[in-house]
Structure formats: structure tokens, C-alpha cells
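Given as C-alpha cells, the chain that follows is alone and in the form predicted alone.
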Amino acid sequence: MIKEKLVNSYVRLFGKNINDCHFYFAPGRVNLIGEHIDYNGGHVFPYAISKGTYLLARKRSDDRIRLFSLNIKRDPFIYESLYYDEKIDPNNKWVNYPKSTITMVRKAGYKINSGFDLIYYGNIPGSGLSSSASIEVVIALMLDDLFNLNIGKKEMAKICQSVENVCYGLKTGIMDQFSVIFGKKDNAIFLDCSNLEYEYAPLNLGKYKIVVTNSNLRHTLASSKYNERKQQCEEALADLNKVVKLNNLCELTPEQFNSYKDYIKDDTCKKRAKFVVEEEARTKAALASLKANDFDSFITYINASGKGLKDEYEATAEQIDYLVEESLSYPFCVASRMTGGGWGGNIIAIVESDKIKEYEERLCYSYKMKFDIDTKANVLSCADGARKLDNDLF
């Protein structure tokens, strides 16, 4: 049990008394559709998953901060004082997200008046399922609770997003942090990233389930094309704004885009903008199809999203494309696409429930034969968002 692992390690590292400890959890997320449009002011359709980051913490009487991760086998990292520090430590990469989150909470004006000991453990399968946002949110949740900061949920999402934007220099949107915080069991979240208005949508797929398979390619946004794509979208928007006033690309319908697209000077930027505008339309249509119980249309939009990510946004990879195409070759898999930032990470597939074991065996075997890479498929259903778990501690 994860709880026992954390407690036993806490006692071994930090002392025997855990009566004043507190227990927290923040999930990862899967995005069904609406990729790369959160930073373009569009709608996204993610859900929180049951796997995530668990954290056990206790306040100290001094200003010393001690951090330990069960995912890293080493002595505790000692963060000696409570000063602002946005620098990324290349020698202790695992501690950068907790350290940066502490920094950004303080920079937002919240007072952390003592140190603390904490230990955390994550069980999110592979990259591309918002493991970084999960760590950011569980740290912010812990600080909010231990120090009575009264950070609102939307404010917490913005602070955690700023960790990516300020500390890591990544021009990411707010989808990951928002879905980690606002997740709801059995529901996906339809989120308008331009104003953070949202609604829950029951995710009932009948005889099908969503299966997530990790490519086991390294998924590092800092070394990927992520910021480049953001810049290309900004260039397209600047060109369009010479003829039509827009706050973001997602304000355009596909029909409007076709009318104005030739004003975008660079062909690559035009291709990126085309994907963004069409992905926004697909995401809205996907929600409408679910509400109308039109499953056939829903899976059509999922598959079209995957094709656009490959051909127009060029955010996939050879291994990702293979997993998607192989999945769709099975008669019991009706939809598949990349999920997450891209250039690695995971794919999602919608598979008949009684065929999931066969799906995993066939896909993982063929992937191993093709690329000599081991992988695993996981059924990741909708779960609740970040929360305190003290009732589950003792």
C-alpha cells in the first residue's frame, strides 16, 4: 500500500511521531480532445485519473525544509531556507517542481512562516499524463492546508501554471493544473481556457473503456517543439489581426479561418493555426455528441484530432504514430490518438471492455517487436481531483 510506504519511510527519515502529519493526493490527467489549444484560448476536454502523487507532510518549528521522493532512492534533499529561488537545479531535478511551487506560492503573496518535512510518491504511468502538474498541485494543496492560506481553486491552478511558465520557461496553458484540481469521478471537464468557465460531462462510453498506453519515449517539453508551436501560433494570430480583431485563434470558426487564412504569411504557421481552429471546433462537437448519445460522431472527432496532431501540428513521433495505427487496426478498438503535449508520452484508445486484455497483449507485443521497447496499457477512468486524505492515513 502506498500509505504504508509513505508512513514507514517518513518514520525512518524524519522521526517516529506522525500524529501531526497530514496526507494529500493530486491526480494526473488524460485529455480526451482539445490538444494544444489551451494556450490558444480554446476549449479542452480532460479528466483526472485515479493515479497521481501522494504526499505526507508535517510543519516544523524552524525554517528548514526537508524533501524526499520515494521515486528517487537517495537521502533527503535539504532546502535550507525560505527565500525565493526560481533557479532549476540540474543536479537534483526531482526537487525542482516542489521547490519552484513553494517559490511561486510565496511570490503570489502567501505567507509560509515555517519549514516542513515532506515525502511524496507518484504512480502516474509514464510521461504525458501531467505528472508535473500533479506534483505542483499536491505541493500547493499541502501549503494551503498547513499554513491556512485560503488559496481558491482557480487561483491555485494559476499559481501552479506559473511554475511551468516562469520557472521552466514553458509556454503551457492551464489545462493540466485545472483538471488536476477540478477533477470529478465519472466525469470529464469541458473547460474554456480563455475565461476558466467549465462544466462537467458524464463520460459514459457504454461497452467501451479508455485505455492509455505509454510509448516510453522521453517526454521533456523543455527540449521539445512545444514553445516553437506556441510561437508559430502567435505569429499566425499577429498576421490575422491585421485584417480581423482577435484575442486568440480559437475565436475563429473553420469557415472564418478559410476566409482569412491567406493573410498568414508563413505556410507552417498557417498549418498550425488550421489545426488549432479545427481542434476547437472538434472539441465543442465532441461534447455535443456525448450529450446527444451520438457515440459514432464522438469517436470520429477523436480520430480526426489524432490525424491533425500528426499531419498539421506535427506533435507526434514515429512510435506514437505506430501505436495509434496499430490500435486502429484491431476491430475492437474504435478510436485512438496521442494525448498530452506530444513528441512522446501516451496514446489513448477506446476499446471494447471485454477485449482489453487481448488489446494490451497484441499492442505491447507488436510494439516490442517493432521498436524493442517494453510498454504497458492501463485503463484509466475518471476520478476526483486533488484532495486531503487524512481520513485514510491512520
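Everything numeric here is computed off the predicted structure, so don't read it as measured data. Throughout, we count residues from 1 along the sequence that is shown.
Separately, the form predicted in complex with ligand GLA exists; it is not shown, and the next lines address it.
Flag Tyr226 as yes or no: does it have a non-hydrogen atom within 4.5 angstroms of any non-hydrogen atom of ligand GLA in the predicted complex? Taking the distances in the predicted complex, the answer for Tyr226 is yes, it comes within 4.5 Å of ligand GLA.
Any chance Tyr47 has a heavy atom within 4.5 Å of ligand GLA in the predicted complex? Close contact is absent here: in the predicted complex, Tyr47 is far from ligand GLA, nothing within 4.5 Å, heavy atoms only.
Is there a non-hydrogen atom of Gly344 within 4.5 angstroms of a non-hydrogen atom of ligand GLA in the predicted complex? Because no heavy atom of Gly344 falls inside 4.5 Å of ligand GLA in the predicted complex, the answer is no.
How about Met175 - does it come within 4.5 Å of ligand GLA in the predicted complex, if we only consider non-hydrogen atoms? Looking in the predicted complex, residue contacts with ligand GLA include Met175, since a heavy atom lies within 4.5 Å.
Quick one: which of 322 to 330, 38 to 46, 364 to 372, 57 to 65 gets within 4.5 Å of ligand GLA in the predicted complex, going by heavy atoms? Going through the listed ranges, the match is 38 to 46.
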